[in-house]
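The same protein chain appears twice below, in two forms, each given on its own as structure tokens and labelled structure 1 and structure 2.
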Structure 1
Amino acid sequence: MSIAVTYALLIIGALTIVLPLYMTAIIPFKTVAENTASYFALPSRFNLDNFRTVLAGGRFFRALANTAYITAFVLLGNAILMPMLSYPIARSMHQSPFYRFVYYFILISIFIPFQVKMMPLVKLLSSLRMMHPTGLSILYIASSIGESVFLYVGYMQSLPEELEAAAYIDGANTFQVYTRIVVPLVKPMMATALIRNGLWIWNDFLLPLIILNRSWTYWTLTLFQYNFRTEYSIDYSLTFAALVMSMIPIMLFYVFAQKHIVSGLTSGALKG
């Protein structure tokens, strides 16, 4: 493919992204009246009022802190627990009926509709006194088990076992084999799992809604964004100001970490 064709295709694709990007960026700089007149027109003047309103009262920063705390907690817990859970399954499920059962038993949960367990979860968390960000984080870690096990087990099975066998021969115990050989090798999949989970938790609405409903001090960013709508109407100007503010951290993270993400995903893939 020639360079010109490559650029042409890249630009066509980018155009479908630019319009929504443009709207997301422009809406919060306009007053409600300007947005009602047109969501597409440029603002009449450089106007930061919406951002000021959104930032006033400190609720945004509280929500940002809560979301960051929950996301960090879950990602840490996920990164520690899920490869640990998956490794024995990946290495034993072909011989051990127990681990085979565990694998499929866990896999089922990927496809259980959330509504089945929603009300029971609320009751459960309430009786365990876990209706706070930490409680929600633990619930998130548990909820990510199905998908994580699916990702890690599949990946671990594709890793050659010679290295592990060699380490055993050198006298390492299972825990050492796991931390020194397996963990470095699963890093690409870890990057995948963490990105997926991170984006999910950052943008999740329903679980925070039903678990963190006691007061705004527990709010996450999605609950904060929802705050600018009533039963009948949405304030686009403020909602998008809140949305943009909430996006900035992950956007920055992605821009700075892009190289590491892609290389994290690919490192170790050149195995053998």
Structure 2
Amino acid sequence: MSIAVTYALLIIGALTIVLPLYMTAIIPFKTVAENTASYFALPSRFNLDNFRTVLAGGRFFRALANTAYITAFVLLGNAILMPMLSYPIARSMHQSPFYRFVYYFILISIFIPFQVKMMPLVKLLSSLRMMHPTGLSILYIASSIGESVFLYVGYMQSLPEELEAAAYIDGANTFQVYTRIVVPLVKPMMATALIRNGLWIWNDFLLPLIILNRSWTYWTLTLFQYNFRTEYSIDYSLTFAALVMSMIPIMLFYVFAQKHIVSGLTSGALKG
């Protein structure tokens, strides 16, 4: 009986994963009439008209450029700022009440639901005239501080302090120790944090919807897909065609960088 339940749960889990992938693969090649008749049936022919329609007019490439700009801006900012913020906390929090307070104060942000701070954030960005891709990028960086500091501090505490002490004995200053000793050692965790943030930002929908939806020139790829709708219907053929094309860059990024996720997280979990 337990084996039958196990296999039943495994089959349900497999269908939960495979079915959306199957629909994503076939719907872009079907006409509206074919999708209306059945979402699960195979297309009658290999039809690329939906992809041509998506690419026409240049709006897809503008959305792609906006998404790439926001993602690159945030990842560069995170790569520079988060290790610098985490290093003094990791090395001083056990001796200094101030750094310990800063660490736990930052961690509180992880537990605040986005719905609680959504409207204040929109009002703040609007008052600062930051309702544009750069303003959204700064908001992403600020929103990622809590989780990034948690990961970096845990990882940096697992690094041997003897390497830094040896560098100080050889005459290095704090900046040289950080750039030449700490940064090379923290690269696995940096890759992990950047991959996680990159996947989040590339696929995020809610923040672009409430901040960038006032003009199509600010659209990201998720907003571009969202706007294939009318008051009464959604053109799923075009929506899924845009989805497939927007998935390709981030999937390639993930495939080439995924090996760093496990190594960075497991190393960071050794000591916290």
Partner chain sequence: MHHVLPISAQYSVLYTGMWVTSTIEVEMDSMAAGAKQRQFSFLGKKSKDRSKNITFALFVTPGLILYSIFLVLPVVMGVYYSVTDWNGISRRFNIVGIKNYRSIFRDSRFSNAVLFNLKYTVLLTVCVVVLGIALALLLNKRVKGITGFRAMYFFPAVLSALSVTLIFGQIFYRVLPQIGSKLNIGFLQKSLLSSKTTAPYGVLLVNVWQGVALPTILFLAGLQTIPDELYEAAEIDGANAWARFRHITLPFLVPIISIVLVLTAKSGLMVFEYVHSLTDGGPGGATESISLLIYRHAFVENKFAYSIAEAMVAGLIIAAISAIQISISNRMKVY
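As the structure is a computational prediction, the values presented were derived from the model and not from experiment. Each residue is numbered by where it sits in the sequence of structure 1, with counting from 1. The term rigid core refers to the maximal set of C-alpha atoms that superpose within 1.5 Å between the two forms.
- Here, the chain labelled structure 2 is taken from the form predicted on its own.
- In the rigid-core superposition between structure 1 and structure 2, residue position V18 carries a C-alpha shift of 5.3 Å.
- Relative to the superposed core, L9 moves its CA by 15.4 Å between structure 1 and structure 2.
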